[in-house]
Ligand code: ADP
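First, one chain by itself in structure tokens, the form predicted on its own.
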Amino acid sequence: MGVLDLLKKLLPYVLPYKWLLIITLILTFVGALMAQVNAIVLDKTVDAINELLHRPFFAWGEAGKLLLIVSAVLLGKELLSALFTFGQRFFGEKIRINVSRDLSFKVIDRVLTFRMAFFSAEGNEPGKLQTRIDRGVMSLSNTVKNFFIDILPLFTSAILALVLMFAANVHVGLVALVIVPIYFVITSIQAKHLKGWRRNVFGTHQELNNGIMNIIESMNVIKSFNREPLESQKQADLQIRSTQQQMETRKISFLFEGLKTFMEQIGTVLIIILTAYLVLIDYPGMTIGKIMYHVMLFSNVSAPIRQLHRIYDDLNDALIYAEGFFGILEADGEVEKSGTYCPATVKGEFDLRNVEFTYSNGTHAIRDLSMKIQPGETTALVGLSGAGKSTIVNLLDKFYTPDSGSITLDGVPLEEWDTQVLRDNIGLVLQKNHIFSGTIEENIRYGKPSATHEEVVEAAKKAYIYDQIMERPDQFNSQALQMSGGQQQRIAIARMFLKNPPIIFLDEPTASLDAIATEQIKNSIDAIKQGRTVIVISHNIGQIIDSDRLYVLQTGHVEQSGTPTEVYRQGGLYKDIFDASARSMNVDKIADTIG
């Protein structure tokens, strides 16, 4: 991405604030004009003083009047300049802040439309994705600031100063004009040398952020295995690599900045020598005042040169970060597709035929899978870890799209269903459900935003979490994240009860609950199962033994199917799992204890 490409992409976010932009440009132009006042005043003042000094008698009255006028003009100019600069910076900053806000809104809205495959793809881990968004917004908003608050006034002033130099003396103007392109050539060469290093720095920043998030999320595992030194060393290695990359980047920058500063000083020396020579040969229009005049104007021409290295660094960072940021905004192929089918009622009959699915990391999760989920029945999916059970749920909820084969719901292909309507009719309870930052009531009401407090209370009672909520000082206004893991699981189940959908997917819904809570939730789930289509995934035999139909999965395809009793009598994998589960529970001893 080049600078012009970047500005074109930013333009749609700046144009909504065109009146702010126009005001900023006007103030910028006026400020650029006022920046030349010092040179003009100094030119006239020096010549006037020189003329006074060459008179036979020094006129103190005229000298005092001259100094008074000069002081008034310069102080008045500084006052007006301060006001115009304030306005230009204020409105420029307002544009930057508004653009930053709009970019943040846009990218979040965009990310929410992406299919789940985007988030599981390599390079889109939470920490890396957050870095791309955060640094993208920051660098792009800084680009707006650099352009409208920094670069624009500097270059406007430089162009005006250059015009005045040419108007006063073409030879001096040409000297100034020659120096500036040389500086930009050096800057361009610098950019080429730094491009690869900047990409490396950006990639390492992503790894650092992702690593920190992984440490925070895995703190209990790290501490339980006493692996603090190992994780510390991983981060230290990344930090060392980041330091080396940053130092190499700075070294290249400093070398080129020194060369550019040297070229700027050469320009100043050439201007002084040339103007002094023209005065000495009595060149028409050249006076002692013109020496100071041209030196100050060249200072205004070279002002962008003195500032450009910082701005150019920011701009190059923006070019790198903008690629990742706009890569998100322009990822049209990642947008979740939705059909238009919106039925009045949903029965819940799923039919999967010859379905194949492979994750973006290459894992072939589903292989030539066919099964039928009958409406109003409970269907259990059984298999060892990695058999594809959760993947089937993800496919039925349109989180992912199969590579081949067909999936229908109530006889209509799943891709033709309106995605929002489909998910409105599905309740999903996972082994580990996400609890949002906020109160318990807000988390339960997530299942039905329009629910009354009474409905929230009823859902909490069905999930057997009501009594524990009422024991807390703030009751339903307590922070949900302060609850235990098992309590949070019941909050998630209450959320599903409040939604009250005709189709329910249960993926290890009681995995983190104690025995009494498991029994309570099972009774509650049994009650809500009536008349609904339910798919349950569980390694707990007690959760699946009373299902209407059972599918046994192995490496992504169906090995056995039928009622739990029929499949057990067939022998095979389900019998092995059932018997192993019974042995692990010490069923014989439990029976003896009860007996």
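When you see a residue number, it is the position in the sequence shown, counting from 1. It should be emphasised that the depicted structure is a prediction, and the values quoted were computed from it without experimental measurement.
Unshown form predicted together with ligand ADP; subsequent notes refer to it.
Of the listed positions (384, 74, 186, 252), a single one reaches within 4.5 angstroms of ligand ADP by any non-hydrogen atom in the predicted complex, namely 384. Among the residues 505, 400, 84, 325, the one placing a heavy atom within 4.5 Å of ligand ADP in the predicted complex is 400. Residue contact check for residue 363: one or more of its heavy atoms lie within 4.5 Å of ligand ADP in the predicted complex. Proximity of residue 389 to ligand ADP in the predicted complex falls within the 4.5 Å heavy atom cutoff. Though the partner is left out of this view, residue 155 does not reach within 4.5 Å of ligand ADP in the predicted complex, counting heavy atoms only. Within 4.5 Å of some heavy atom of ligand ADP in the predicted complex lies at least one heavy atom of residue 359. Comparing 138 to 146, 420 to 428, 390 to 398, 480 to 488 against ligand ADP in the predicted complex, the single stretch with non-hydrogen atoms within 4.5 angstroms of it is 390 to 398.
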